[in-house]
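A single chain, nothing else alongside it, follows as structure tokens in the form predicted alone.
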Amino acid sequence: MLSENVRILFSKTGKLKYISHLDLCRTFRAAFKRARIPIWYSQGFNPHPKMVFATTVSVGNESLCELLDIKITRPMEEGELAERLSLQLTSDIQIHKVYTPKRGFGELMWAEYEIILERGVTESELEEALSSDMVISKRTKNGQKEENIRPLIKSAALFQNRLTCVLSAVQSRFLSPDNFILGLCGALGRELYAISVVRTHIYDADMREFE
């Protein structure tokens, strides 16, 4: 039985990988309303539902492990909430689990991605790139800034043209797979293009599956 705090584990794939985070918020807001989920709303002139997402993926990338925290105003069974919400969403958003969270998003440390490249990288090239600094140029409020992203990469492995990497998911030190590929391009001295990017797992500091 869910009482107040609720966490929703879901996947975002297919056509919905192209929607922005703002559009995703709107999608869930409308779904909660249609499903008549007793979600908690803020007070004031412009009330809005209490929704907090964990770190999200970039537009164009898919994810099998998105997390959303909400608050409800009356108790509900996990199965009932999941079923009612699923009926109001498209097949590109799948609700995998609804439960009471035991840990805050601040304990989320790493994210694992599977990247399929248009043109492959050899194992020796990957090892060479990871053996030294990987500097990229990032846009900030104060202009362009160079950053060494190598400390944000826990691991990377290659199987044919499929690249599996574990990257920092800490909010203040977040490394997107797009910037990881950009760092590889700089290290290898050539362009690389991703056909698909899927976030498959998220972990805590001890590399345990985060829920």
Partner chain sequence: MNEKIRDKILKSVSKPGRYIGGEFGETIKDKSKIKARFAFCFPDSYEIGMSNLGVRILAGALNQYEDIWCERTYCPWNDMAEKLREYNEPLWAHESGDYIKDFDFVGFTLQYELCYTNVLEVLSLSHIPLLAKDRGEDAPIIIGGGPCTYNPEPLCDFFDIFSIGEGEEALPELLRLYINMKDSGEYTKSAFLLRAAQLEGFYVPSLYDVKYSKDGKIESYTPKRDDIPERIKKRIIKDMDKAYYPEKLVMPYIETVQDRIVLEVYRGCIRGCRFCQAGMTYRPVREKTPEVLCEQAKKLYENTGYDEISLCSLSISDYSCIDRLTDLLLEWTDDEKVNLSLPSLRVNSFTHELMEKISSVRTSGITFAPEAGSQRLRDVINKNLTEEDLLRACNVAFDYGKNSVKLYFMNGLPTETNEDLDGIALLAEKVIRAYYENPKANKKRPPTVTVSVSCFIPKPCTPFQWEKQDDCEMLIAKQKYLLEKIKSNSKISYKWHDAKVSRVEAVFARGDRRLGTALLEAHYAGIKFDGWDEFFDYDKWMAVFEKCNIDPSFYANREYGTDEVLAWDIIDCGVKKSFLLREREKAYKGITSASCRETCAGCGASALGGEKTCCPKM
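Here the structure is a predicted model, which means the values were calculated and not measured. Residue numbers count along the first chain shown, from 1.
We do not show the form predicted in complex with its partner chain, though everything after this point is about it.
Peer 1: Based on heavy atom distances of 4.5 Å or less, which listed stretch (42-50, 163-171, 182-190, 142-150) is in contact with its partner chain in the predicted bound form?
Peer 2: The contacting stretch here is 42-50.
Peer 1: Given that the partner is absent here, does Thr56 sit within 4.5 Å of its partner chain in the predicted bound form, heavy atoms only?
Peer 2: Because no heavy atom of Thr56 falls inside 4.5 Å of its partner chain in the predicted bound form, the answer is no.
Peer 1: Would Glu118 sit within 4.5 Å of its partner chain in the predicted bound form, counting heavy atoms only?
Peer 2: Within the cut-off, so yes.
Peer 1: I'd like to check something about Val135: if you look in the predicted bound form, is any of its heavy atoms closer than or equal to 4.5 Å to a heavy atom of its partner chain?
Peer 2: Close contact is absent here: in the predicted bound form, Val135 is far from its partner chain, nothing within 4.5 Å, heavy atoms only.
Peer 1: Is Pro38 one of the residues lying within 4.5 Å of its partner chain in the predicted bound form, judged by heavy atom distances?
Peer 2: Contact with its partner chain, no.
Peer 1: Counting non-hydrogen atoms within 4.5 angstroms of its partner chain in the predicted bound form, say which of Leu89, Ile95, Met109, Leu126 makes the cut.
Peer 2: It is Leu89.
Peer 1: For a quick test of understanding: in the predicted bound form, does each of Thr200, Asp204 and Phe210 have a heavy atom within 4.5 Å of its partner chain?
Peer 2: Negative, none of the three is within 4.5 Å.
Peer 1: Give, in sequence order, every residue of 1-30 that has a heavy atom within 4.5 Å of its partner chain in the predicted bound form, or say none if there are no such residues.
Peer 2: Lys15, Leu16, Lys17, Tyr18, Ile19, Asp23, Arg26, Thr27, Arg29, Ala30 sit within 4.5 Å of the partner.
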